[in-house]
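Next up: just one chain, as structure tokens, the form predicted on its own.
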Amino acid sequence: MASVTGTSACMTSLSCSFKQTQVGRISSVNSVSLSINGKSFPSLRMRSAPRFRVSCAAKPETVDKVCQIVKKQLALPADTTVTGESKFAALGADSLDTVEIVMGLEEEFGISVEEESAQTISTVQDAADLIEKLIETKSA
């Protein structure tokens, strides 16, 4: 799964075999054009956001597990909804809570999160993406 952040657009389960052909090009900071196997796709354009970020999202199971850990660490009521987009600060987490969340994630997933990486985590999705990256690195 891939996502474009700014004005958000998502592509799910895009699988192609690429040889030495140009798959896409960035024609300006605000647009991306895709051409795969000779088929052109409309440009993706950003409307107002000045930044452009493409990232691969973590598996839904990982996001769900992180949501459960966050709810437990913050002692949130059962009816509190926590999703991948949930920001730790919006859930009432302070810096100490965030450290405890990271420690809980390290224990649950058997990983070690460097301090620099831990400081970049602000949402459940950020945490899930980092976990999958660390697990992939660990198994390689």
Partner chain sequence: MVLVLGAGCCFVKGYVVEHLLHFRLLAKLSQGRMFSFVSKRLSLMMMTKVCCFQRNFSSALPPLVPVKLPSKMETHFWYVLPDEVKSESLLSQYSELLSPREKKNLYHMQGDQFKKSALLARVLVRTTIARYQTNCQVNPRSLKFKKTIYGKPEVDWENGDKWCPPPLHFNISHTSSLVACGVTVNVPIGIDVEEKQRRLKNKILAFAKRYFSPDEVKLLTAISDPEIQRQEFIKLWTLKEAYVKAVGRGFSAAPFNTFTIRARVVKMGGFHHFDTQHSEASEIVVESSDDPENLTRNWQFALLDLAGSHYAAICIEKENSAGGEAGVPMRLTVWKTIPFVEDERVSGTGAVVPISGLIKQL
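Note that this is a predicted model, so its numbers are computed, not measured. Residue numbers count along the first chain shown, from 1.
Beyond what is shown, the protein has a form predicted together with its partner chain; the following relates to that form.
Although its partner chain is omitted here, in the model of the complex none of Q68, A128 and L134 has a heavy atom within 4.5 Å of it. Using a 4.5 angstroms limit between non-hydrogen atoms, Q119 touches its partner chain in the model of the complex. When its partner chain is considered in the model of the complex, D97 lines it closely, a heavy atom lying within 4.5 Å. Heavy atoms of V102 reach within 4.5 Å of its partner chain in the model of the complex, making it an interface residue. Though the partner is left out of this view, A57 does not reach within 4.5 Å of its partner chain in the model of the complex, counting heavy atoms only. In the model of the complex, the residues of 102 to 136 lying within 4.5 Å of its partner chain by at least one heavy atom are, in order, V102, M103, E106, E107, S112, V113, E115, E116, Q119.
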